[in-house]
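Below you will find one chain, with nothing else, as C-alpha cells; this is the form predicted on its own, and questions on how it binds or moves follow later.
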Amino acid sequence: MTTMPQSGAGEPSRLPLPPGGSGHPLLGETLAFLRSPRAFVTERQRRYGNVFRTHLFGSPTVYMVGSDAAHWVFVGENKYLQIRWSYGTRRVLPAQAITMLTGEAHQARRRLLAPHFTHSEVRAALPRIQRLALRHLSQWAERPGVLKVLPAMSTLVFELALGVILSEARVDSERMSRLFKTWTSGLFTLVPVELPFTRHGRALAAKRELLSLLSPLVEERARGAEQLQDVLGSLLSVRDDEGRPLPHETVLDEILIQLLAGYDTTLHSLVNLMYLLALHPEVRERCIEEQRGASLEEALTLESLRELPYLHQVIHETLRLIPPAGGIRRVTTEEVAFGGYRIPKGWAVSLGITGTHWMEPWTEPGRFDPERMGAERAEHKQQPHCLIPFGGGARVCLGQHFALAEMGIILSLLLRGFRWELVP
C-alpha cells in the first residue's frame, strides 16, 4: 500500500515509524553499511521488510525498495522530497552545476542541455564514437599479456565524453583523465577532512586544477562569434531575460558535472557487459551470430543498431543485474507517509535500485537472462518502475539514450572483431 504525503498534523503523525534501528549514537550504522552495502540491506530487508529505518552518514534514513517505492520517490521530487548531498560531497561537486540545482532552476538547466541528447545529436556523434572506439580496441588487442579492462575502458569512455562536451578541443586528455579520477574518487568519503594526504583533500585539489585547465578554453570559445554544436556551445550561447550569459564559473562547473555524467554510467556498464559475456559464452555466441545475420555496414548507425534486438536485451539485462548506481537518496521536506509508516521531515529517503531490480516481477532475479528482456517475456513491462537504471521522474538521466547507443556501438565492435576471456 502506498499512502500519499500528508501534512505534519494529518494522517502521518498517527502512523508508526518504519521498523529498524539507529545503531551507534554518532556513527549510526554507517560502518556496517560500508563493510558490505548489499549484505547490510539484504539482512535488514529479510528482518523488517521492504521499508526499514536506519542511520547512515549522519542522517536518520528510511530505506525502501520496489516499484511502488520508486513511483513514490519520482512523483515526490520537488514536492515532498528534494535532493540533498552530504557535506563532503557538496564540497567536492561543482556548486553551480545541474546536480546541485532544485526546482525550476534545475528544470531550466535541463531544458538547456536536453537538445544535446536528442536522436539527431546521438546520430551525429556515432561516427566519432566508432572511430575512437576502434582505435582503442585495436590498441588493446596489440598489448602483450593480460589487459585490465577497467582502466583501459576508462580512458576510452573519458575521451568520448570529452568529445561530446568540447568537440575537438585541444586538451591534454591524459592529464585531465588523471585529475578527473582523483576528483571523482573523493566524491563520497566518510570523514571529509581537507588535508593534502586525505582523499577529500586530493579531490578538492584535483577539482581546482581541472577548472584551471578548462578556464582558458572556455574564455577562448566565449570570444568566438559563433559557437560549435556541443554542450559547451550551448552553455555559452544561452542568455537570461536581460540578455546576460551564464557566468564563467557556472559554465566551468557544468562542464565538470557533464563529464561525470557522461563517464560513470557508461564506463561501469561496459565493463560489466564484458564481464558477464565472458562468464556466459553461450550468450556471447548468440550475440556474434546476430551480428553475422544482420545487414550491418562498416559504419554503424542507429538504424543498424536496431537490427540487433538481442544485443539490446543483453545491455538492458546487464543494467538490471548490476545497475551503474545502486540507489537514489533524497530528503523529506515535510512529514510524509509511505507504506503505512510515518517519515518525519528532514529524514533521508534511500531508494534501492539494485534491490528493486532483484524483486518481483523479476523471476530468478540473480540469474543473467537476456531472454527476460525480449518481446515474448518482457518482464519489465509487467510493472512500471521495476527497471530504473537511469533513475526516473524530474531527475531522470538526460543522457540515457546517448549512453545506450554508445554501449551498443562499442559492444557491437567488440563482438565483430575481438575475443576476450576471464583469467583467474
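Counting begins at 1, following the sequence as shown. These numbers come from a predicted model, not from an experiment.
Beyond the structure shown, there is the form predicted in complex with ligand HEM, which is absent from this document and is the topic of what follows.
> Taking any heavy atom pair closer than or equal to 4.5 Å as contact, tell me whether residue 117 reaches ligand HEM in the predicted complex.
Output for residue 117 is yes: heavy atoms within 4.5 Å of ligand HEM.
> Please tell me whether any heavy atom belonging to residue 339 falls inside 4.5 Å of a heavy atom of ligand HEM, as the geometry stands in the predicted complex.
Answer no; every heavy atom of residue 339 is more than 4.5 Å from ligand HEM in the predicted complex.
> Since only the chain is shown here, I'm wondering whether residue 300 would be in contact with ligand HEM in the predicted complex (any heavy atom pair within 4.5 Å).
Because no heavy atom of residue 300 falls inside 4.5 Å of ligand HEM in the predicted complex, the answer is no.
> Going by a heavy atom distance of 4.5 Å, is residue 318 a contact of ligand HEM in the predicted complex?
Residue-level check for residue 318: no, no contact with ligand HEM.
> Scan 56, 32, 51, 397 and let me know which has any heavy atom within 4.5 Å of ligand HEM in the predicted complex.
So the residue touching ligand HEM in the predicted complex, by this definition, is 397.
> Exactly one of 110, 135, 79, 280 has a non-hydrogen atom within 4.5 Å of ligand HEM in the predicted complex; which residue is it?
Comparing distances to ligand HEM in the predicted complex, the residue within 4.5 Å is 110.
> State yes only if every one of 83, 269 and 407 has a non-hydrogen atom within 4.5 Å of ligand HEM in the predicted complex; otherwise state no.
Checking in the predicted complex: 83, 269 and 407 are all within 4.5 Å of ligand HEM.
> Out of 318 to 326, 301 to 309, 232 to 240, 331 to 339, where are the residues with a heavy atom within 4.5 Å of ligand HEM in the predicted complex?
Among the candidates, contact is made by 318 to 326.
> In the predicted complex, which residues of 247 to 265 put a heavy atom within 4.5 Å of ligand HEM?
258, 261, 262, 265, in sequence order.
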